[in-house]
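The chain that follows stands alone, in the form predicted on its own, written as structure tokens.
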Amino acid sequence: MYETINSPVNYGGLELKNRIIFAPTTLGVSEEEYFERIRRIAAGGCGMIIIGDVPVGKSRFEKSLFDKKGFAYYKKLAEIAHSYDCRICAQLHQTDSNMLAMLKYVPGVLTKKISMQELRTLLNNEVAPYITKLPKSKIRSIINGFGEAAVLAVDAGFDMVQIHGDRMCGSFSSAIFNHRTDEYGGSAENRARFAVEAVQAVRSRLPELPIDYKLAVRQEDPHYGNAGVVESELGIFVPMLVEAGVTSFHVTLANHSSLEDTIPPRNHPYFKDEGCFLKFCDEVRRYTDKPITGVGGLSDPDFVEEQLATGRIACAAMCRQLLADPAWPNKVAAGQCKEIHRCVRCNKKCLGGLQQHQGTHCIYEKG
């Protein structure tokens, strides 16, 4: 059983031992605990781990490949993954948060006059003016940073890079946030330019490197997500990204709305079913034959096997399920599915823990 889940796959030029990928996840835990989490997930048998939010420049707020300590941190993550025959991918990103604008909200947060949910809304409101007014010199510098970060990621031991198609790439892509009147705004082709040039910056330096693209899709009717690519424009964006050098796509819902939409609980009004974002994979498939990874509440081995076996997706990405039970892949391979701790998508200690600054955890964890 589960022959497809357990079968190796060429994912955009990278050989994976099976079809299960740990999706990029913010954990909000100490460095040592993070290393241990990654070790457990790699030991649990997944084919690849994507390390989320690797900045494309120096950073005061995140671990960066551009300084000695940060480089050593990422090198250790690669060594941990590889020790379990697990591939590792660096998700390269540039924040679209206006840090200067953020400072004016700090007093309100400290005095608890502004809740974290209110802060998220306020910061989202700052994205459009920030993206629209960003100087071209800064744009060129950031785009160049994607290429430099990719080289450093490979030097640190990463097997693949993923361009984060939300955050700044997604905000440039979105007519909701991008009101520019130059070559980076206006038409869909112009709004795709930032993401395309970010991919090209990597490809020009590393001609053979597999490049994954996290394709964040914005849905209308009903409206979900504000950044990313609206469904009707996928036919423009996808071929442009492929031509630029993308070798695979990781497809999900666009961000910059409620976190409960992009990380939907089981009682979500629209995305309550398992595989809730796979319909976006179906739409992307119309425009490319590149491998596609699907995500969205995946946990049931029978369901996952069906999606893979029919060719609907090449790989299945999981976050909450592999936090609930890192050994999901090994248990499936050993025919021990009844022993799996199934994610119930309650969001209590994963998303809830992150929002309460207690770290991303799971109800199944001891203690």
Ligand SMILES: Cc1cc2nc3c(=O)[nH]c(=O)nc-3n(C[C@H](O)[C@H](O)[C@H](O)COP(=O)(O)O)c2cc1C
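Throughout, we count residues from 1 along the sequence that is shown. Predicted model only: the values in this text are computed from it and were never measured.
What comes next is about the form predicted in complex with this ligand, which does not appear here.
J.: Only one of 176 to 184, 193 to 201, 71 to 79, 257 to 265 has heavy atoms within 4.5 Å of this ligand in the model of the complex; I'd like to know which.
T.: Among the candidates, contact is made by 257 to 265.
J.: Whether V9, T247 and P291 jointly form a contact site for this ligand in the model of the complex is the question; each needs a heavy atom within 4.5 Å.
T.: No, none of V9, T247 and P291 comes within 4.5 Å of this ligand in the model of the complex.
J.: When the contact criterion is heavy atoms within 4.5 Å, does D325 count as touching this ligand in the model of the complex?
T.: Flag for D325 set to no.
J.: Taking heavy atoms only, is D53 within 4.5 angstroms of this ligand in the model of the complex?
T.: Yes - in the model of the complex, heavy atoms of D53 and this ligand come within 4.5 Å of each other.
J.: Taking 4.5 angstroms as the cut-off for heavy atoms, does L351 touch this ligand in the model of the complex?
T.: Contact check for L351: yes, within 4.5 Å of this ligand in the model of the complex.
J.: If you check in the model of the complex, is T4 within 4.5 Å of this ligand, heavy atoms only?
T.: Answer no; every heavy atom of T4 is more than 4.5 Å from this ligand in the model of the complex.
J.: With this ligand left out of view, which of V295, V127, C281, C86 would have a heavy atom within 4.5 Å of it in the model of the complex?
T.: Among V295, V127, C281, C86, a heavy atom within 4.5 Å of this ligand in the model of the complex occurs only for V295.
J.: Suppose contact means any heavy atom within 4.5 Å; which members of 318 to 351 contact this ligand in the model of the complex?
T.: The stretch touches the partner through M318, C319, R320, C350, L351.
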